[in-house]
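In the structure tokens that follow, a single protein chain appears in two forms: structure 1, then structure 2.
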Structure 1
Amino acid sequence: MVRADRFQRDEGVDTKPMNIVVPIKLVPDLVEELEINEDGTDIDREFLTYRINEFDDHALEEALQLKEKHGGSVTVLALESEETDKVLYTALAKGADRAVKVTGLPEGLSSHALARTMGQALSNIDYDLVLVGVQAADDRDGQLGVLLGKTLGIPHLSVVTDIAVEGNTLTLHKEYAGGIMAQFETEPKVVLGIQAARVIPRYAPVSRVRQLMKEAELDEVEASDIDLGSGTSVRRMYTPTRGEGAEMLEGDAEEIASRIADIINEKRS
């Protein structure tokens, strides 16, 4: 169990190197204009480009920071897609030790199905910590870590902003609404939803990524018998309704103030 209490640090405690796993999700690159598909139930993904989810990038950076300070290894997991290889090689270029591509499933899985998939893949991986991004840019539900913890049968804590390790003890800071911070103490194994790494995620040189594409191999794991149902479904998606545009007010300060007052009174009536 995770408990929220204060404790006294012991000096000189040896810290056990940890094996850390970071599930990575690819999300649509939001610099592109998104369109809804013909069914109106999803975005049109045919010509989209994808990138690593921003919060997952922070989870990877935090894992690398822990590895560099305390030893151990970092493994990254991602579902197979057209751009998965590049993202996984980029993670290796940043310092991950192993990259695993999970094959045999369609794109756009719900958090429920993704948690079941990653839980199955983790059954063959030795791990102490699982770090996930606190949420993804495409769904914002923030439930992957919660569901993955349930799937694996281990504790979970989300919105984590700081991880300290001493001996076999993890000290975690979690942020609540209103900027309230709480301190928790736990031990591996645990799933943590990372809101922000302790430093800005590092840059991977393109030359290093290309070199690894030639020299390194990605491991592959085929998913089997995954229940893709999530208990929810999207009936319809809509693009935002366009307004009539802005009204530019001209004149001196008194005239503009008078016009603003008129507009407010019109809205009230």
Structure 2
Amino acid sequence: MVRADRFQRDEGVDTKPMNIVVPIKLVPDLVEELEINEDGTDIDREFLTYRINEFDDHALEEALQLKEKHGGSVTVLALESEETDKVLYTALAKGADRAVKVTGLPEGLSSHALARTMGQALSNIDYDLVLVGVQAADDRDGQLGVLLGKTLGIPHLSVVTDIAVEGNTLTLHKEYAGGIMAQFETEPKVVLGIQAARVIPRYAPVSRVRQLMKEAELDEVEASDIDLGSGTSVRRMYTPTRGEGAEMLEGDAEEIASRIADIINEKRS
């Protein structure tokens, strides 16, 4: 008896290679302490370290997995900033074919403006599939993937955890609460908000990234006439006041462990 499970399902011989684009957003490294700027309406961006949005890293990995299985290409896109080159060269070192830096825009762009920008950059790229991280920690005005799909006039699906390809048909799993999933089918073009890649995102060897920084070129496109508005303004940004929350336990490991054990035992008794 032949069982058509997902691993066989997408081995179709006539599967068309897809050109996949992964728009990458750089976000502040949340391991560092975030501070508020002088007028209290944004985080202080001066000394921040940025890194790839973790969900975008999953989107890139899923794109590379699809390319390795079915052929095609992977193009990464990111707005210019201090750390952009490193992020884009890292993506090339992982296996992306082309990296495009979008220049001419300020930092801290709204999701709406970022979607317009990425939409404009995509107008000159031949693509079948756009994979983007399902969300980012600073999506104050909505998630990029959905906004980008609407901007491009193509369908979008968020919280995607599984992509299978057969012929020209994509079978997708969208995750709901409680581990329930919905299965959808569609044909390219489509924007997918990736929750998690099928495997843990790969690491790029630092030596390979350095080598590419010397040898490879990043493409550049300049954004023009982007409407930067999002329709809302921030009147205040702040760090929530601490102290009303947990009672903090102090001391050495033994003392703290004893306190916790007492607290739990009291609750259990």
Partner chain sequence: MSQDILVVVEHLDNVISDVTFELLGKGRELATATGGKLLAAVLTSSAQSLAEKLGVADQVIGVEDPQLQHFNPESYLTALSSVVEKKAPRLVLIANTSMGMDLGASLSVERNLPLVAYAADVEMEGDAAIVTSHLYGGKIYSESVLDADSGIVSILAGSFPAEPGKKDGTPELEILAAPPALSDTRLRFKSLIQPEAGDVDITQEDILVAVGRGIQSEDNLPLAEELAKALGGAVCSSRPIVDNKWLEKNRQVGKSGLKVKPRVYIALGISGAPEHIEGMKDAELIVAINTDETAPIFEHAHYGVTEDLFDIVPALTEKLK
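Between two forms, the rigid core is the largest collection of C-alphas that superpose within 1.5 Å. For residue numbers, the reference is structure 1: its sequence is counted from 1. Computed from a predicted model, the values in this text were never measured in an experiment.
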Subject >> Panel number for the form predicted alone >> reply: 1
Original post:
If you line up the core, how far does the Cα of A261 move between structures 1 and 2, in Å?
Top reply: 17.5
